[in-house]
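Okay, so we've got a single protein chain in two different forms coming up as structure tokens, structure 1 first and structure 2 after it.
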Structure 1
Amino acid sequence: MTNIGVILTLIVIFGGLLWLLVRSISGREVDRRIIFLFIFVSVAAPIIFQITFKERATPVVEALFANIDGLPAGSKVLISFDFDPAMAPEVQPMANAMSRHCLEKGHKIVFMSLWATGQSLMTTTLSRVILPEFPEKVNGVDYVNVGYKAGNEGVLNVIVSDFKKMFPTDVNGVPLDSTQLFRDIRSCADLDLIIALGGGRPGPKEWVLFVGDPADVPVGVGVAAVVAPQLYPYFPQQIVGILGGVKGAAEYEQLLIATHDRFVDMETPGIDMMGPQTLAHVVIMAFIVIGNIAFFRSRSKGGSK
């Protein structure tokens, strides 16, 4: 079924692109709706026919993976969900994969959010990944969800020296002082790694500026693809690794599957989404080529007049 689907998809898309090329060369305009239809087919077909590709991790992803993998069991990792549903398709798979990785390695996780929408997305990760896949992990001992706090960079400015001043309780109102995990955590300086997930403001950049550097804690980031280029100046000194977009999530999932037998059958939304992304990229590149052919043809015609 998959093979037939791939063949059908390729015939439809490349046949259509060829038709567009001929149309453009003959100087006829291509309606915007036809372009939209192409994108729809190139995204929908890989989802319907489950077209996926094997990923090879890039150094920036490998660096973050190695950092989490190399921490000794019991290390304290903070994961901040600073994103909204618009970014969730790209960033939530990273959150799920890194949460799995941390818990599998025996790390303790503090979940928090600087975005109001992040708290509900955090609940999704907790209830659909951690609770069913790691029933042995105990809330308050292996992980704590402190929820969302308004104040943007202001929150970071406080927790860098006193965590409980900003978050006296967890999301359910349990005092952090009463949790085993927070016995040794006074401020962010007591953490071993911070993973900032997001892409807006406040986001990974603010975590580096307000917490990572002042408290000397390594920061790893997972961001929407459009934001990733802005974070390269911080890598590798201030940011230990970058996961950019669906591709970053897919690479991380691939590494997790390759190195941990437990995760062979796990859900891989990142890898699954690479099919639509690949075909969409091919279609966009084809549009650029066709658009330029039409442009040069019209220019040469104009020049010959």
Structure 2
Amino acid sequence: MTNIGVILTLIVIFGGLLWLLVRSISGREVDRRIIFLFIFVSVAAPIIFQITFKERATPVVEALFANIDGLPAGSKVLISFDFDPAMAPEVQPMANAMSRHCLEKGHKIVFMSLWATGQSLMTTTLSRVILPEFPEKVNGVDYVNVGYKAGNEGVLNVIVSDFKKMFPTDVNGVPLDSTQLFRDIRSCADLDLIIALGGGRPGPKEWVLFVGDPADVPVGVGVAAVVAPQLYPYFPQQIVGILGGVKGAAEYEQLLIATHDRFVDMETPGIDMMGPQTLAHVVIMAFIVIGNIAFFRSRSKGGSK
């Protein structure tokens, strides 16, 4: 059924585009509602027929994956959820994938947020990924959720030298001094890696400026696609790797599946979203080509007269 759906989708889309091309060349105007219909089909069909594409990781994604994969078991990783529900469709899949990766490699994770909205999104990762998939991991030993703290860059200025001064307890009120994970963590300088997820302020750039550079701790980032280009100048010196948008999440998921048999059947929202996005982009580019062909065709006819 899936293969038939794929074939039918491609026939409808590319057959329709060919018809539009012929119609445009002949000088007939194309109703914009037809364009909307094509976009609808290109987005809906991959969802209905589960059309996906195999992703090939880019160097910036591979670098972050290799950094996490290469850390020795027991390394301490901080993941900060600095985003809101509007960015969650792009960033949440990254958070889930990297949390899985860290726990599978035996790393210890500190979860926190500089955004108030990040607390609920952090809970989503814990309840839907970590607790059901890693029941053997113990809260306070393998991971700690210290929750949200207001103060933006002020929080970073404190935890870079004294973490427990800003976060004396975890989100449940348990003193960090009583947790096994924080026995060897006094400040961010004692971390082996920081993963900043987000796209606003405070976000990845602030983590680099106020914590990564001063404490000499590697920083990896996962951000909305529109923010990623602003961070490329920091790679690879200040930032060890970048996941940008759904594409970055899908690439990371593909790497996990390819290197860890445990994750072959895991949920892959990033990969699943790339089907509609890829097909919609192909249709948009086809419309651009058709529009330009029609324009230059009409222009040449006008010139010949």
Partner chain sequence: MKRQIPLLITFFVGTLLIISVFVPPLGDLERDFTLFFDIIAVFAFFLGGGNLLRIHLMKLANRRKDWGFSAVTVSGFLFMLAIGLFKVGNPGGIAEAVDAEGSWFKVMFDNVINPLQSTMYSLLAFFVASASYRAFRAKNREATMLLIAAFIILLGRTPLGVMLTGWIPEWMSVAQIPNLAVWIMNSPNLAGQRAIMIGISLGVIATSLRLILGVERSYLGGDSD
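Superpose the two forms; the largest set of C-alphas matching within 1.5 Å is the rigid core. Small disclaimer: the values here were computed from a predicted structure and weren't measured. Numbering runs along the sequence of structure 1, starting at 1.
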Chain form predicted alone, by structure number: 2
Angle through which the smaller rigid unit swings between the two structures, given in whole degrees: 14
Cα displacement of Ile284 between the two structures, core-superposed (Å): 3.2
